[in-house]
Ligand code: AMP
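Below you will find one chain, with nothing else, as structure tokens; this is the form predicted on its own, and questions on how it binds or moves follow later.
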């Protein structure tokens, strides 16, 4: 067996990021920005009001808390207008709508709730004294020209895209998200919901892995279920590398297996077949197939066939490898981890492996600690306990982890 760190190092060294591409900003969500962005504009570009109300001279509202002040209305300013033709003078006020530019002469805004409009609409009674700048958003209050808006390497969220739009960016240079092809092989697999025949099982791994790919922010491409035929498997894999930036297969990677997928991968790819000192997900095949159209070495993840093993293997190898291909910083390739206290014994035995136990993790506000308990049976075929888990407890080689012991936990969900 080889250590987990060695296997991960081998995988990550071969998961190379793509060249940056320029895309419309509405296609850049969850991508990593490839260049730092500095604003060439001022945001907001002009002083404007944060409230519906009346633009006034603050000095004209002195004492209005005790004795309301009547001001003459000289106009209305709506969002999108350039302002008023005449300034707001002594004793004047201008009706103003949220986002509209502050008219010349005014230096404050009284919110409409603190005013009372005269019946004829010619004057307004102000019932609140306001300071200079009240409810006014100055020009450049958010961003000034030359400000660093986004640093290269940032994973773009909805808020980031909003900032880019605010400073006038219509397109942006990003590292494209990998397109990940998922393929199943085997005569024993059924994926159409039909009754199972003797020796047949449902193909759940392909759906599960496509879902993991999508939930991790990548594009999942279903390469289908291929029967045990060398020519068909080879054709599917070669077609997949032309369409995809990485491939994921399941099954046929254990020691002693003689499987068509192994035969074909050895023939058309440069593969390493590993037995890793972890449980579950001990077997892993990883390597590359060279794409004929451009000579790119496309990573291929050969995951175990047991459903829990395939999911754990995805978390430890596929997800970090794909995130590295996406340009994500090396410090953020893995799920977040915390230290937690075991609420009950976490069973294991000495076997030379690190165990990844399915657990339920919660934060105890009374003790200000994370706490975990087993989510159920820990066999590599027990999917119910995987579905009930929101974390994986990392159990170093040794005896059972006793209640009250601190363990490191990988958080699979918020």
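Numbering follows the first chain given and starts at 1. These figures come from a predicted structure and were not determined experimentally.
Heads up, the form predicted in complex with this ligand isn't pictured, but that's what we're talking about next.
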Requested in this report: May I ask whether 154, 327 and 334 each come within 4.5 Å of this ligand in the predicted bound form, counting any non-hydrogen atom?
Outcome: no
Query raised in the report: So, in the predicted bound form, is residue 307 in contact with this ligand at a 4.5 angstroms heavy atom limit?
Result: yes
Report task. Answer yes if any heavy atom of residue 315 is within 4.5 Å of a heavy atom of this ligand in the predicted bound form; otherwise answer no. Result -> no
Query raised in the report: Looking at the partner-bound form in the predicted bound form, is residue 119 within 4.5 Å of this ligand by any heavy atom?
Result: no
Query - this ligand contact at residue 136 in the predicted bound form, heavy atom, 4.5 Å - result: no
Report summary line: Among 109 to 117, 161 to 169, 195 to 203, 210 to 218, the stretch whose residues bring a heavy atom within 4.5 Å of this ligand in the predicted bound form is 195 to 203
Query raised in the report: Within 4.5 Å of this ligand in the predicted bound form, heavy atoms considered, which of 242, 188, 343, 222?
Result: 188
Query raised in the report: this ligand isn't shown here, but in the predicted bound form which of 129, 234, 92, 259 has a heavy atom within 4.5 Å of it?
Result: 259
